[in-house]
Every structure is written in C-alpha cells, then in structure tokens.
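Consider the single chain below, provided in structure tokens and representing the form predicted on its own.
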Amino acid sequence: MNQEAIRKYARFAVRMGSAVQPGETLIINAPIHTAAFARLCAEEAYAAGAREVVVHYSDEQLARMRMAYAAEEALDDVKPWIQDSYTSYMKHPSGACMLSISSADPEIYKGIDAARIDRAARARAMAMTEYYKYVMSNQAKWTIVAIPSPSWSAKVFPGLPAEEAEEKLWEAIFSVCRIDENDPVENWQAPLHTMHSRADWLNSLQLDALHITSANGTDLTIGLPKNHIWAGGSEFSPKGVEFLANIPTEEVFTAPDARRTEGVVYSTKPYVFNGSLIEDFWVRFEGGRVVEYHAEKREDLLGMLVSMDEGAARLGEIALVPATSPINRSGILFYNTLFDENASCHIAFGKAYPVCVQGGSDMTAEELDAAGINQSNTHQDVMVGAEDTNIDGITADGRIIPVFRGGVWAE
C-alpha cells in the first residue's frame, strides 16, 4: 500500500473534510478494522490544534450477531447516552466536528430477517433525532471518507486474490478522491468551483420544478419549494468555516417540495440498505408520496425503506451529477453510496437538509413542513441518473430551461 498517499488522505479528511479548528473536539466513527487509519486521522487532528479526539469504534461482525440473536425488545433499546456521546461535545463552547470512516461489507446482514434489521434501524433513527439535526443543518462540521476492507474489496473486485483486490480498491479511492502526488486541496479547487458555479446558476433561476426523463422509463416531475437553495461541493458552518461533507463529492443538490413529486423513476445502480442489496427497482409517486414500487431483488427491503416513517415515502433530496464524473468514468460499481451516488443523479427518500431553503436552519419542524421541506428519521440516497438522462427546469410561468442533456449539464 502507498503509505504516503494514505497519510495524505487522512490529512485531507481532517483538514479539508472535517476542517478541524484549534480548540475543537473531533469525533471519529470507525469500524474496528480501520483503527490504523483512525489513528492517522487523530494525529492529524491534534496537529491541527484539536482539543481532543474521541473515537467510537464499531464491529460489524458483532453487529451481525446482535441482529441475528439479540432479544427482540433489545433491538428497540437505544440508550440516551449514545446520542449524548455526540451532542454533549457539540454543545460544548469549543464545539465539535465529525469524521466517519466507511468500510462496511455491503451485504453484512445478508440472510438475516429483514424485519429485525428494520426494527433496529427505526429505533436508532428515533433515538438520534437531535444528533441528526446538528449534522443535517451543518451546525456541526462533518465528513465521510472510505477505506477498503477485505469483504468490501472482494465485492467490488470479485475473483481477485484478497491483497490484490484491496490494493485495487485503494487505487480507485485515491483516483476518484484526487489523492495523487500533488496537494489534494489544490486538486479540488477547480471541481469545487464548478459545483459552486452550477449551484449559483440554478439558484438564479429559482425553478418551480424539474422534469427528469430517461430511455429506461423514468418520467418524473419534482416540484421545488419557494426560496429553495442549491448547494454543491464544499459547505460552510455557522461560523463560516468551509468543510467537505462527502469525500468524494460531485453533486449539486437541493430539497424538493415534498408534496409535489409525480411520475415514475427507475434505479440505475443497486442500493445497499440495512446491509443487503436492493437491485433493479422502480418507484411511482402521486401527490408527493410513493404509491407503487417493484424490485427484481429484495422488494421487501424496498418496501421497508419507503415505510420507515411518514416522511420516508416522500423525497428529501434531488442531486444532479453528470455522467462525466470521475466515479462514473472509472466504470467501477463501488457498492457504497458515498461513491455510487457521486456517479449518477440521485434522489433521497426521507429527511431533507434544512439548509436547502432560505432560513431553514432556524425553522421549526412545523415551519419546515409548511415550506414543503420533508421531515423524517431516515435519509436514503438511490441512484437514478443514466447516460441518456435529460432534465428540464420548469419556471413558475411555464418556461422550459434545459438543465441536463444526454447525462451532462446542458449549459
């Protein structure tokens, strides 16, 4: 493995991703097999002046055992201290930021009763409501990065010896994350400028709706709320500190009007949900809600996804990603939403980002509802963009403005 590149990746995740500031606490979420990388990130955080680094380790094999064997009532039992272990640091005067390391087996829960997994996921989502508010309103800076694991590498590169598959996945991650012999911060300046410019253009239009079509049958109209805000690339904390929430990122996104989605949309990549794969699916909307769906593989999970709570059947995000993105050009199916959502236009079922409407971060839940900003305890991104996707913007007075043609930006 290229140890210099791994160190550079950790530094970028801390300095540009979470954007650790002097005096802040960095909270790291890390699978136990990523401990070496977590330590590198901790070193970089202390070098940046972190007050403290707190690491929450997880073990997916133990998580699988719990899903398979724990008492049913235990799956509902999410202790308050779990949320407090994050929010107590965020409420501290010096503040806290987050770094999550993704390295999961895409099918870690394969073969386990989906109803048990769903039960546990609902309970955790309900118990972490305050934490999610901090993160989704950018009150706390956060980032997600990924590193290979043997199981994930084998899924992406089946048939290769374990070490070779893991090395190839490292190389792919470095490539799409722009980690090379140059300074990654400098490497990201041009793509971030492009995403910011696209968002500025869309914000200047204040479209009423988007109409998305593809040859696979997608014909979807997504209404947009008044005073919506498109964002893309880096984001900013309330103190004006720039951070990169997803490494990598290629998307420009906003919150739909959750009441105004009509039509059908087809998936273009498998989706990892609750440790299993949903494949080849479509969803139909009427009046903003899912009214019909089908999947060739794991339709039961798709049903659970859109029924986790009242808001799960409505959209909380529409994100535009050109087919020319480095991730799509790589030709690799990563089986990891962090990467696959940045290869393709996508939608998200569930909670919308309050920052995607003017004044949203200061709105109550009732005010967000009134503005059409979806409320939910889940946020699930699914990929729907294709090489031939066309997207038209529709203005309030009915004018049509081309946004995407043939899978890429029209202007």
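This is a predicted model, so every value here is computed, not measured. Quick note: we count residues from 1 along the sequence shown, nothing fancier.
The protein also exists as the form predicted in complex with a further copy of the same chain; that form is not presented, and the subsequent description refers to it.
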{"query": "In the predicted bound form, Glu366 touching a further copy of the same chain (heavy atom, 4.5 Å)", "finding": "no"}
{"query": "Arg329, heavy atom within 4.5 angstroms of a further copy of the same chain in the predicted bound form", "finding": "no"}
{"query": "Contact label in the predicted bound form: Met65 to a further copy of the same chain, heavy atom within 4.5 Å", "finding": "yes"}
{"query": "Contact of Arg39 with a further copy of the same chain in the predicted bound form (heavy atom, 4.5 Å)", "finding": "yes"}
{"query": "Heavy atom within 4.5 Å of a further copy of the same chain in the predicted bound form - the one residue of Ala162, Ala115, Val264, Ala74 that qualifies", "finding": "Ala74"}
{"query": "Proximity to a further copy of the same chain in the predicted bound form, single hit among Glu296, Asp84, Glu286, Asp180 (heavy atom within 4.5 Å)", "finding": "Asp84"}
{"query": "Location of a further copy of the same chain contact in the predicted bound form, chosen stretch of 341 to 349, 354 to 362, 379 to 387, 52 to 60 [non-hydrogen atom, 4.5 Å]", "finding": "52 to 60"}
{"query": "Heavy atom distance at most 4.5 Å to a further copy of the same chain in the predicted bound form, all of Trp170, Ser197 and Ala209", "finding": "no"}
{"query": "In the predicted bound form, residues of 91 to 111 near a further copy of the same chain [heavy atom within 4.5 Å]", "finding": "His92"}
